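Only one chain is included here, represented as structure tokens and corresponding to the form predicted on its own.
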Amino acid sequence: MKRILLIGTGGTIASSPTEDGLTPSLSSTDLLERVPEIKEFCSPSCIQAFNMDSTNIRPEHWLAIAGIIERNYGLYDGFVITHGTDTMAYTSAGLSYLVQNSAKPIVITGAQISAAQGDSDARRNLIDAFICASDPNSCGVLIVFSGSVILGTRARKNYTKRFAAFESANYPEVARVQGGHMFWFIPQTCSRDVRFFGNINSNVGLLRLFPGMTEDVLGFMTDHYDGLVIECFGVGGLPEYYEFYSHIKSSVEKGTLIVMTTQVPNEGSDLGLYKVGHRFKQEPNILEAHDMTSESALAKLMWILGQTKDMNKAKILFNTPVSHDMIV
């Protein structure tokens, strides 16, 4: 049987009611004991990385999880990570860049209702995650949630309460878990050696454009961050009523890595389509996220800036797809 390591990090799935609201308290051992049938098809072990609400998870926690996987990579055939749903898409993206070309599956799951409650989706999601992690066709970073199997770079939480909380953005679900079986739509392959990265630069910001936003807001972000993802309206571009263009151009010349994307959930950006975005498109040092999720664009910038400060190398890394994070 496949040896699978369960890595607990907290989240709703591990929470219990308190006077102040749900708080993570169940350990990875507690969760594993609630689904004894997992032992019928794999050999599970568990470790507790930390136990916290995913709202509190930061990029350094991605590094901690990646470190656990690296130290145990030769001992197990796959990994399951239980995680809170609120920042799960950020963590799945972050791990996709920190652990690349993994022939072994790294499956992230959670729940919308605590495992301590009777009507929870935790049981199904845990079993499905272990089924996916035990499948010989699984590899790389995946989110398994409510039967959906989604690439870690393509996941997005679109619902706050329904069980099917996650959807795959601008890319199909790669598989479904149904009736205890895996049904693959896009077979996953890994033909290269796994690569682990231990450096990340978390000094990267995400700015959502809003009507009437002033240069002061943009100036603060570019002054305080080494990289910045700007979520524009529509297919992309910035207003002409302030000197956004000259400010961004000067920021890029000073070494700030800027990525422009769209705040629209589906179909991606196209900076050159309208006048408000066309001149940004002509600037070779302004990057465009195209059909990437904002979560992946942010995590990728953090990973890139942890590897290099050279603008040309950074551009190459950003425009090189990792785990199908963009369609070139």
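The structure presented is a predicted model; accordingly, all values stated were derived computationally and were not measured. Each residue number is its position in the shown sequence, starting from 1.
Omitted here: the form predicted in complex with aspartic acid (ASP). The next part is about that form.
The closest heavy atom approach of residue 148 to aspartic acid (ASP) in the predicted complex falls outside 4.5 Å. Taking the partner from elsewhere, residue 282 is found to have every heavy atom lying beyond 4.5 Å of aspartic acid (ASP) in the predicted complex. Within this chain, residue 30 is remote from the site of aspartic acid (ASP) in the predicted complex, having no heavy atom within 4.5 Å. In the predicted complex, residue 54 approaches aspartic acid (ASP) with a heavy atom inside 4.5 Å. Note that among 83-91, 180-188, 97-105, 198-206, the stretch whose heavy atoms approach aspartic acid (ASP) to within 4.5 Å in the predicted complex is 83-91. Proximity to aspartic acid (ASP) in the predicted complex, taken as a non-hydrogen atom within 4.5 angstroms, holds for one residue of 111, 144, 141, 229, which is 111. Shown here without aspartic acid (ASP), the chain has 11, 12 in 1-16 lying with a heavy atom within 4.5 Å of that partner in the predicted complex.
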